[in-house]
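Single chain ahead, written as structure tokens, the form predicted alone.
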Amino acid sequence: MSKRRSLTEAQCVSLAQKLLRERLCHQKLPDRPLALDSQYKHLLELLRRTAVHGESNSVLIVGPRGSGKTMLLGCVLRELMSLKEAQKNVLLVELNGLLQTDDKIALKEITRQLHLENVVGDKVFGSFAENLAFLLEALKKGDKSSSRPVVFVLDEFDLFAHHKNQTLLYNLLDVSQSAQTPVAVLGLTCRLDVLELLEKRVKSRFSHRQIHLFSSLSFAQYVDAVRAQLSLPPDFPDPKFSDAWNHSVTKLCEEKSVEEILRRHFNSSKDFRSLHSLLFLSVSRVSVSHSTLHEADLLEASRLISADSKAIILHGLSILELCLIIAMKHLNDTYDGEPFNFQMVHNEFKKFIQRKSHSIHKFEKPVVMKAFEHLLQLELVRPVDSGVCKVQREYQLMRLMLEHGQVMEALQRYPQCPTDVKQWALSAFA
């Protein structure tokens, strides 16, 4: 009997973990964007006027990465497509500045998304504008007045501004200005100075409407979002397990140490993607013997996420490479952060070897040089002049890309680090 109950519990834990992982990985659109009500209404009204009344519009959605630009647009388009007038009428074309790197590729993608490859066939067009006009003409239904509205979504909008002569932007905004075809041009960007990138002729055709997304999320709303993300749905197969889990999640969110972890993450980034990474790592620690979330899980997940990548690289260095890092640290302390070269580092290292010759193996200069070049490859050391330098490698000026604290922390955690090396790092005199 007990065996069967434990099996059922194991299935419950496995199912709960699967549900939460899916929720955290495959983000579904919320019913309504959180703390973005005014922006939501504004954008929905603009697109509704294009879809229903055939009015052309252009708008930029501006906000830092992770502020919810794509989520806001997704919610608005879902609401728009639920309207009867828009369902069979509106066409959506999505372009991304990272993928459509020039206007030729962008035009091919527009043709593909509008399903007009057969219409275009082998036609040769004189210009980009002529090609785009032909595509939009092909979308007209019967009489000239009833052309199908097209919504153009340009993700990474600022990258389109780097295209030659900004032909794509010019023609799309020109169409949205004229009364030829109902077109809505939506740009998504994280650059506040995006309008400065536009040419005068493009800027004059843009409506200068901008929707800014700066998160006004409070900490209480953030904690509520954590609770909602970790709670099991009401239709979970085992209500008893579901109630116990949800109760433990509520208690967890009220604990002081958990609140501190969440506040630290909230203060560093209000981005939900980083929050989902934290929660995903916490949920991954759940097992049959550990069937509920504990503060230790969140603490460990937080430690993994905020781990210093450079300090982790230091743990994998050889003793020789570590000695060179310490030599550079001493040079930084002695010369107040001024650049150094390999010869200076080697002299510093030689002085240490002469003092502690019994504990550290003596290395030949080419071996030390090889170790120094490895540090350069790992980007722990960086040349001051990145251009073509005619100076010999030994005398090329470098900077250490690590802080004093990072070096000392790595030394404390370094497995079986010789005592002499630790003492050398701690000593004020190299």
Partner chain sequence: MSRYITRLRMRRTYKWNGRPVGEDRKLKRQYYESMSISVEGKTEDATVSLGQYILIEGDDDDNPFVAQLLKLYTDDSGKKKTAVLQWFVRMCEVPQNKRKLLGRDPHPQEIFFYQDRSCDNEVDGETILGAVQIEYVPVQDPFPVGKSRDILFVKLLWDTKSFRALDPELMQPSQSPKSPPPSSRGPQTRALPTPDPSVMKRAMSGILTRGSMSTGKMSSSEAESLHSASKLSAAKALSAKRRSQAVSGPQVRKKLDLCSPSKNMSRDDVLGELLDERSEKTLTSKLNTSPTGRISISIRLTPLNLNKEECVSPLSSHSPDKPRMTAHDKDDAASVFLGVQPIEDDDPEPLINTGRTPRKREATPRRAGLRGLKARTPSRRKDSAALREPALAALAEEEHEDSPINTAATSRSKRKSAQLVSSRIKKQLNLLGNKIGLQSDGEDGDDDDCFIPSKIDLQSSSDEEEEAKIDSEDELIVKKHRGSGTSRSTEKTRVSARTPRKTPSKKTAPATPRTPRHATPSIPSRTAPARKPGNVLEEARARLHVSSVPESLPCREQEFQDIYNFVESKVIDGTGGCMYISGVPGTGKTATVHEVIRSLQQSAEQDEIPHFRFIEINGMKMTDPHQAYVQILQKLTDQKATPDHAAALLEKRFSAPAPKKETVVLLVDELDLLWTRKQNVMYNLFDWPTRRNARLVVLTIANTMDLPERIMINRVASRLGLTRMSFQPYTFKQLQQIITSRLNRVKAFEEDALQLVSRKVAALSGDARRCLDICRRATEICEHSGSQKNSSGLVGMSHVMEALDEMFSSSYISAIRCASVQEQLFLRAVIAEFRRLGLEEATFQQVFVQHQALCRVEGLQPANVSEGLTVCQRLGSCRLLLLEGSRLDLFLRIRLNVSQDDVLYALKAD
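If you superpose the two forms and keep the largest set of C-alpha atoms that fall within 1.5 Å, you have the rigid core. The shown structure was predicted, so the numbers you read here are calculated from the model rather than taken from an experiment. Numbering follows the first chain given and starts at 1.
Omitted from view is the form predicted together with its partner chain, to which the following refers.
Exactly one listed residue, out of Arg227, Arg78, Lys108, Lys310, brings a non-hydrogen atom to within 4.5 Å of its partner chain in the model of the complex: Lys310. This chain is drawn without its partner chain; in the model of the complex, the residue among Glu137, Asp333, Glu255, Glu300 with a heavy atom within 4.5 Å of it is Glu137. Here the chain stands alone, but in the model of the complex its contact with its partner chain, taken as any heavy atom within 4.5 Å, falls in 192-200 among 245-253, 319-327, 282-290, 192-200.
In the model of the complex, its partner chain sits within 4.5 Å of a heavy atom of Asn57. Tyr170 belongs to the set of residues with a heavy atom inside 4.5 Å of its partner chain in the model of the complex.
When its partner chain is considered in the model of the complex, Asp174 lines it closely, a heavy atom lying within 4.5 Å.
In the model of the complex, its partner chain stays beyond 4.5 Å of every heavy atom belonging to Lys351. Relative to its partner chain in the model of the complex, residues Leu15, Ser277 and Lys370 are all farther than 4.5 Å at every heavy atom. Using a 4.5 Å cut-off on any heavy atom, the residues of 203-230 that reach its partner chain in the model of the complex are, in sequence order, Lys203, Ser204, Arg205, Phe206, Ser207, His208, Arg209, His212, Phe214, Ser215, Ser216.
Once the cores line up, the CA of Leu132 ends up 2 angstroms or more apart between the shown form and the other one. Put the two forms on the same core and the Cα of Met398 is off by 2 Å or more between the shown form and the other one.
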